[in-house]
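This document opens with one chain alone, in structure tokens, the form predicted on its own.
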């Protein structure tokens, strides 16, 4: 499977030239080439078809392909830019670009907003925030009572919802992250620094 280029090298479906991807992303050509090697491993871990399926993505992130995880599902959905149920190489590199140290903070803030905007309404609602907090706590193996989670969500939501209209828009989110930069500190891959 895949295309055979004139050099005789076999590439996965959706393969894009590393030089082109390097121009479109913060990655260098050699970093894109290294990402291709990683992509090939991930995309063949369960189904060897040159695309990353949701189960392969979950296996890579959490070492578990069967346990449903809202956090992993959301990241997968954001990486699957064509919305066709798989991640191709170009999507993989472009999406990972947001985690590069040279990516503008604004792009990281936008990605984080989209991560929490579960229903894709252009707003983060309290229920969405609650669902994501629970998912993140679950992935971290932190067990908190419903009361404590409610206090965390209420405080966070009240701090972020500056307009007091029951939803957090992109501008409110941007201000909230500016006041709480630790929210996006994990959005930079340290080994690229």
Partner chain sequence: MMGSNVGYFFTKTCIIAIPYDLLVLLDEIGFNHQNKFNNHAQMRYESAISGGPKHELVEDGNVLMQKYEFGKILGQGNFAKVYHGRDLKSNENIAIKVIDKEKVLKVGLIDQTKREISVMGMVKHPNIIQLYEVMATKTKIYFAMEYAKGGELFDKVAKGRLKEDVARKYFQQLICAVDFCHTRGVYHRDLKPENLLLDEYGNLKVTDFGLSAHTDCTRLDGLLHTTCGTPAYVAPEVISRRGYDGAKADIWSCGVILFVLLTSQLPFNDPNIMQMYKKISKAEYKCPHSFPPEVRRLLKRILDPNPITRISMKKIMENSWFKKGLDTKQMNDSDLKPHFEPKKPDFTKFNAFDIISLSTGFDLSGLFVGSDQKDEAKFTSTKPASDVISKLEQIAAGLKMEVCMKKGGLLKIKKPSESRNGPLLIDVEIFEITSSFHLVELKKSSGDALEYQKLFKQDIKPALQELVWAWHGE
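Numbering follows the first chain given and starts at 1. What you see is a predicted model, and the numbers here were worked out from it, not measured in a lab.
What follows is about the form predicted together with its partner chain, which we do not show.
Mapping the unseen interface onto this chain, residue 133 counts among the residues with a heavy atom inside 4.5 Å of its partner chain in the predicted complex.
With a 4.5 Å cutoff on heavy atoms, residue 168 counts as touching its partner chain in the predicted complex.
Using a 4.5 angstroms threshold between heavy atoms, residue 40 stays clear of its partner chain in the predicted complex. Residue contact with its partner chain in the predicted complex: residue 86 places no heavy atom within 4.5 Å of it. Contact annotation for 97 to 123: residues with any non-hydrogen atom within 4.5 angstroms of its partner chain in the predicted complex are 99, 115, 116, listed in sequence order.
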